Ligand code: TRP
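Just one chain is shown here, as structure tokens, and it is the form predicted alone.
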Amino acid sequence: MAQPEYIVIRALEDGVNVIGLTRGNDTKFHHTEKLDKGEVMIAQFTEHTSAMKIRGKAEIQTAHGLTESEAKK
């Protein structure tokens, strides 16, 4: 298996949710973290995590570049 990719998530507001989704036939939520403004999380895709969902205003840095999610409604 190739080296798993890391992403860096920096919360730009309180209450940003980072949700890990499973790999396999049925995609399910398997882990949730809540970040407050200024907190940083370094996450990694693994054999169990195939996707991440980010709710709230955050800056996301990957090997493919930098993007920003929008504020919670």
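Residue numbers here begin at 1 and follow the sequence given. Predicted, not measured: the structure shown is a model, and the values here were computed from it.
Just so it is clear, the following notes concern the form predicted together with the named molecule, a form of the same protein that is not shown.
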Since the partner isn't included here, can you check whether the named molecule sits close to all of 35, 55 and 69 in the model of the complex (heavy atom within 4.5 Å for each)? no
So, residue 49 and the named molecule: in the model of the complex, are they within 4.5 Å at any heavy atom pair? yes
Taking any heavy atom pair closer than or equal to 4.5 Å as contact, tell me whether residue 18 reaches the named molecule in the model of the complex. yes
Are any of the heavy atoms in residue 44 no more than 4.5 Å from a heavy atom of the named molecule in the model of the complex? yes
